[in-house]
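One chain comes next, on its own, written as structure tokens: the form predicted on its own.
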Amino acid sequence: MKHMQGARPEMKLDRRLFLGASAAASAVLCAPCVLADGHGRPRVVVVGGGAGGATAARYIARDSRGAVDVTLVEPTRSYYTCFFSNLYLGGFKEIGDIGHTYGGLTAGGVNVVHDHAIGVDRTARTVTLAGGSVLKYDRLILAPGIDFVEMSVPGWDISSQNLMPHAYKAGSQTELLKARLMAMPDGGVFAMVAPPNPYRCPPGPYERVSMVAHYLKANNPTAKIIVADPKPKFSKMALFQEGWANHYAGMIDWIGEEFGGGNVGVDPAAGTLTIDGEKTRVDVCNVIPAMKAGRIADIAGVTDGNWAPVNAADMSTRADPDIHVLGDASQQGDMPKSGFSANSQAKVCANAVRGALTGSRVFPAKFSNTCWSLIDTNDGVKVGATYEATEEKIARVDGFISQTGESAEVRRVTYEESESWYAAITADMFG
């Protein structure tokens, strides 16, 4: 995302406002008029129980007042948010603080099935699960998050994730990376291979560097951090570099594209990182590969090989109008691949899908996003924007960003704002 000047105080997010906007929209919805096709209630299947999928399932079930049969397919019984997972690495959170279950969705009328979706038949309108079940749908919503492009970092593939964790799917990988961080020898080296654009954020790589540095400063102050980055710049770059200079002077060495950050290879078994031909032995290596849409989107035949192109007005795919793709997996335009974005897209999609199936009112698509990052204790920064749907894409309307040189009080308030948002969005997702 491009940096946008001039933080706008009116964009400050409050938990009540975040939830209230959704409640206000629901309050003016007309009563559903079900457009069934002979099999009873229209059926929506949602694959993926994160910020996009859980939100879409909850809103369709709630706002249709039972007129739509909603099934959510999610393999895990406890979902760990990638957003705020960096704060676990930094010691600001426990792993349980970012874990959530699906009881609230079940209580809200969603049929939650813990299984893997392994097939989509667009002609028969069915989803096949690993356990053998076949689910019929009138509309299918895919929110599978990301998978990785194998060998996009030479020497690394998914079989290497226990030797060089990615920690870009939160949960056990996050715990593994934290354990490796804690086990580093005094004066050791922590290395990160940063991803190319576009990538899931959060967990932003540069917030992660900050949280690792925060932990090391307190527990292993002579340790060093190397960041090999294929990009010449990154979001909130000036803010992070200011923060690193203020809090972690001399600890972090960021190597961008100009100095070989894109010419990188790893040897997981040997524990080495090679940058522009120079090999370095490292104690921990966090490899964040290039990303693409979660595999079920590719199986459904709605991707361009990497991401799923969608229509901005309702997040329907350009390959099939009855399949919608949300969040990280979508190729939608100007929005970043964040949890806030996925939640915002899910509400637009839910409104459109419910309208198509029940004849209820559909509102014009509007989107918003804010990405917060913690640099050190009470030193929070943010970037965000509002968006609208055009024929071509989700287009940015306006935006804001924290400024360098802000007071400690402004940064503290920004961090507290992020905490309020986390409580709000997880309640919005899971009920």
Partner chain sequence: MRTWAGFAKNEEVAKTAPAFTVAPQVLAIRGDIEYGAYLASGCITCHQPGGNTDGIPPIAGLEAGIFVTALHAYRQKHRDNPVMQLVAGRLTDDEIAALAAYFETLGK
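As the structure is a prediction and not an experimental result, all values here were calculated from the model. Residue numbers count along the first chain shown, from 1.
Keep in mind the form predicted in complex with the partner chain is missing from the figure; the text below concerns it.
The three marked residues, Y59, N351 and E417, each reach the partner chain in the predicted complex, with a heavy atom inside 4.5 Å. Though the partner is left out of this view, G399 does reach within 4.5 Å of the partner chain in the predicted complex, counting heavy atoms only. Interface membership of K366, defined by any non-hydrogen atom within 4.5 Å of the partner chain in the predicted complex, is confirmed. Contact annotation for N343: at least one heavy atom lies within 4.5 Å of the partner chain in the predicted complex. Among residues of the shown chain, A67 is not one whose heavy atoms approach the partner chain to within 4.5 Å in the predicted complex. Note on the interface: of 71-79, 355-363, 171-179, 123-131, the segment with non-hydrogen atoms within 4.5 angstroms of the partner chain in the predicted complex is 355-363. For the candidate set T386, T377, T404, T390, a heavy atom within 4.5 Å of the partner chain in the predicted complex is found for exactly one residue, namely T386. Along 410-431, residues E416, E417, S420, W421, A423, A424, I425, D428 each place a heavy atom within 4.5 Å of the partner chain in the predicted complex.
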